[in-house]
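Two forms of the same protein chain are encoded below as structure tokens; each is given separately, as structure 1 and structure 2.
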Structure 1
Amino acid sequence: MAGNSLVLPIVLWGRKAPTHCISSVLLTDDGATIVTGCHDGQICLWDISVELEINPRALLFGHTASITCLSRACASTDKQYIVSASASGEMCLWDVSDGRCIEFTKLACTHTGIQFYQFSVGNQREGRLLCHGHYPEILVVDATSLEVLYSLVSKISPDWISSMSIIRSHRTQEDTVVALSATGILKVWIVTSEISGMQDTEPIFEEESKPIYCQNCQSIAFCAFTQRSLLVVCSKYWRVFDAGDYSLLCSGPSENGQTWTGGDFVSADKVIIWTENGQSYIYKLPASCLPASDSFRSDVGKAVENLIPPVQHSLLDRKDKELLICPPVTRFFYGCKDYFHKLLIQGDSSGRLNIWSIPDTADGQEGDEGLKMTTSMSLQEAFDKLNPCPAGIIDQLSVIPNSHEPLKVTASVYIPAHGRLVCGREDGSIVIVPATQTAVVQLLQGEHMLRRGWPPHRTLRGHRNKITCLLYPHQVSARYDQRYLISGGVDFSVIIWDIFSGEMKHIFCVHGGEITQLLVPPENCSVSTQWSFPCGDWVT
């Protein structure tokens, strides 16, 4: 229809699921969706049932770098908004229900943690995002516009914030933000709804700075069960503090020299701590850590080595022992409005989610194997269950004799002006097909799928091995001839093709190695550089 600006994307993944090396995990407030961010910049939405069965629902694209953190971002109970941040400073606000990107911004700093802070102004509930990362302050961001409103700054020893927690007060209008700096200094800020409701306020300075000598802090967690304890997890030990005056109550070392990566309170008297290799340990705290006990704070003032040690209560371990590219990401979540679960959720570099349901009445008798995993699912397993199998864009043209797997597409470029899709393959060949017609062929499966040579296509052969990159220069700058296509491969060669005739015009061989990227020089380059063809990561 004329004037219709609606664009409907068509995605053909093929039989292999996209890579999803998980870097962050979040469970939405309603307990119905798990959100995972990955090092490639994509976000995956997983539906989770009451029976804790999980299934991937959607992949969200909007970031150009690794996802560093995720957080809820809406004070309303009838909306499920989340915010994501990437290593390049990007922030996106998403609607989980339909996958829309509602707001986008890019800052000059990288967030490594975001927490949602909800407050009331009269009868209206509003939200702020408290962000920390590679900068010496905490930024307070509007949860709707993603605009930086003000910051929490330090007078004493300003430094990067390793982790933070928000302590809500049920007796006063003042809430507390507790953070630990990279140098082990605990910092405390007081935040009120009046301050939070203001726009562009002056920076707020800390109320207290106290060295607690916790180096390499991984996480901070406030105990919602007692409203009194604070758990600080460092790489080689974890400690519980009294949130009233930040006195040390107990401490636990790492198990067998492993590295801790985070932890949380499972109940008033139990904590769960996890390691970089995917193991998690539940510890029972001594009575001196429990506010309801008569011996509460009885160990305050003692040296660390004289404190009553916590007792290992349970072990949670990954059943899949495959070698991972990077450490798994583990988080603990509990509570939702429809049903109540205490869940430990872990995502790894293979795109797999593992879930353990933590029982309230665990008695530590799970045996040598520990508490059994409740659910496990990967993107590839979800793809394998689909019937019919997910189609690739040129699967019909990439059949290998005596093999169930088609030739892999290793590089591609879409040319909208000609409606053509160019696909480079692992055998060094390049296939040019009409994009829309080819997508329809794969999506509308029928007798036409059996026709040989369908859809119409052209195959270019010149490389001796895998195609690594493709470039259509005219699409970047009109100064280049629209006939030419550039390809690079692992065979150290760059080839210039005439896409209309299929003729190989020129071939260049470099001595530095495989071609990893093809670039068009900017407009302000010299004339001789502008009219040369790009190859590799440089211009010749």
Structure 2
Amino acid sequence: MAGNSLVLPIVLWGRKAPTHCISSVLLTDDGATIVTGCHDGQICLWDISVELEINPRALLFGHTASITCLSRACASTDKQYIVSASASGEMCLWDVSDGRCIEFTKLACTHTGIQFYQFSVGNQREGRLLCHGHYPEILVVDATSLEVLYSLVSKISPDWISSMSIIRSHRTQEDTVVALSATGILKVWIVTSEISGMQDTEPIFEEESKPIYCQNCQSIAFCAFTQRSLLVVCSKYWRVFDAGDYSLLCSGPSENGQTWTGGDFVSADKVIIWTENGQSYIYKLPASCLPASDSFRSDVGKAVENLIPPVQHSLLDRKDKELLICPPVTRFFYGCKDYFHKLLIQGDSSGRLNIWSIPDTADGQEGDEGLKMTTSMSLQEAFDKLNPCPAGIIDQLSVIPNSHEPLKVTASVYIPAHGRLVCGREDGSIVIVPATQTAVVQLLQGEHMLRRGWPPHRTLRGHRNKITCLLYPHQVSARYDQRYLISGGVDFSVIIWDIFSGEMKHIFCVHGGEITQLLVPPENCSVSTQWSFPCGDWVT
């Protein structure tokens, strides 16, 4: 397949949107794009307008495992770069404006959180990515080359880091990295911007290591409004700490036994905490947590389990929405540059994004219904709204009379040598279409599409039930005749076809069960074992 020319892949989407089981969500700095990563490794870019209208724009392929975290990765405002990490250790740097992958690397460890750290060296702006995950340290990675520069290590009981927050100091050059380890120990590192100048940097050890006994920590957030408090959200409770000496200021329980998955500060005196079910609650902090009040730190040292009633809570109407197969991902974004919205963005397993705009004057009464969702959009909804609607290659051939749903394709194989796409379907028929020609013409809508029998195709009938696998052996190994196509189905049979004449050459009926796979044995196998049809636990 080597060639001198650049091969541009084109994707033709059909009527059904791809599945997008969202595993992480990010809003870019300019507030114009929402980036979602999914469990299959794809990243979707959604445009969001000033009126909070969402529209999916692009799907980025490249990762081979589920996306574990997303973060912004560029210091300058003219470029919008993001970095994504997957469960298999891959890290990619993307340009959000055109979806290009700029840099790629693969590490041995999985990251569960990445944060961008920016500092100025002279008049140069440098960017670093602070990563934590399934390893006992915080890695400092260069934001342009994705190389690991050095790491923040702990001397006292080193363990995996559950969550981390960077506290920028406005007065000094030293910034603080606060992290919570898997065993509930708070660790503090001092990071200075001068470190970037050094070539070979030694690992930095922690300044402080304080056990705060927080099990199953989900997130740490530093209050940008007061510059003084830290919110730690664990699965069954949440706590507010004084960022000066890390003493406990107040503690809140779980609501109705639900599990918390994260939280953030909405304003100087309010926090929003969200659960595994997608519910969120806004709490008003007592005066002992606010640096501005006189009774600040009055509860320090006392046993704190004061129940703070929620001010407002967001309602999620799930009656008509899709069933979820895994917990949704929620995140709070507040920008102070180009946009002033306080947005709570939630992505779920059905490819849907829900956005709540948190108003600044949020002093609702107890009897209130709660905060309404501002906007919601799913990939399938966006596909349905398109006009003209996207056409798949064999849509015209898949119409079932008296049914809204098209005939499903259950197996397929592409034969590049002949430019043919072979689709096996759930009723046992196999359709062969000239893929490249059909795709080219599909891109140009016209009267040819209404012609009977479009696209030109050949149908092979022989199986009585769903086709489960298709194999074109000549593609895998040249020792096979290029005429033959093999198909296996749930009707326990394997059929060899001649694709030029459309004849059924031979049927093998097995007694073992449904055919699950068709394989071509390696080159040096003996002639008697030319085919392998594993089905259930029977292989020939």
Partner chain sequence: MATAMAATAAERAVLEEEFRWLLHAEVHAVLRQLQDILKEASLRFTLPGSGTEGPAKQENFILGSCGTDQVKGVLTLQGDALSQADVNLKMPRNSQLLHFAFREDKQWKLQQIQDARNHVSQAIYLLSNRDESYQFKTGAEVLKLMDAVMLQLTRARNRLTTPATLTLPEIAASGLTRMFAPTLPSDLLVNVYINLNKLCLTVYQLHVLQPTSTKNFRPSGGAVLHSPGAMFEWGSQRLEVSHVHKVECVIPWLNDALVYFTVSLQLCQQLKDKISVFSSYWSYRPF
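Please read these numbers as outputs of a predicted model, since none were measured by experiment. Residues are numbered by position in structure 1's sequence, first residue being 1. Take the two forms, find the largest set of C-alpha atoms that superpose within 1.5 Å, and that set is the rigid core.
In this comparison the chain labelled structure 1 is the form predicted on its own, and the other chain is not. After superposition on the rigid core, displacement of the C-alpha of Lys284 between the two structures stays below 2 Å. After superposition on the rigid core, the Cα of Lys79 moves by less than 2 Å between the two structures. Once both forms are fitted on their core, the CA shift for His111 between the two structures remains under 2 Å.
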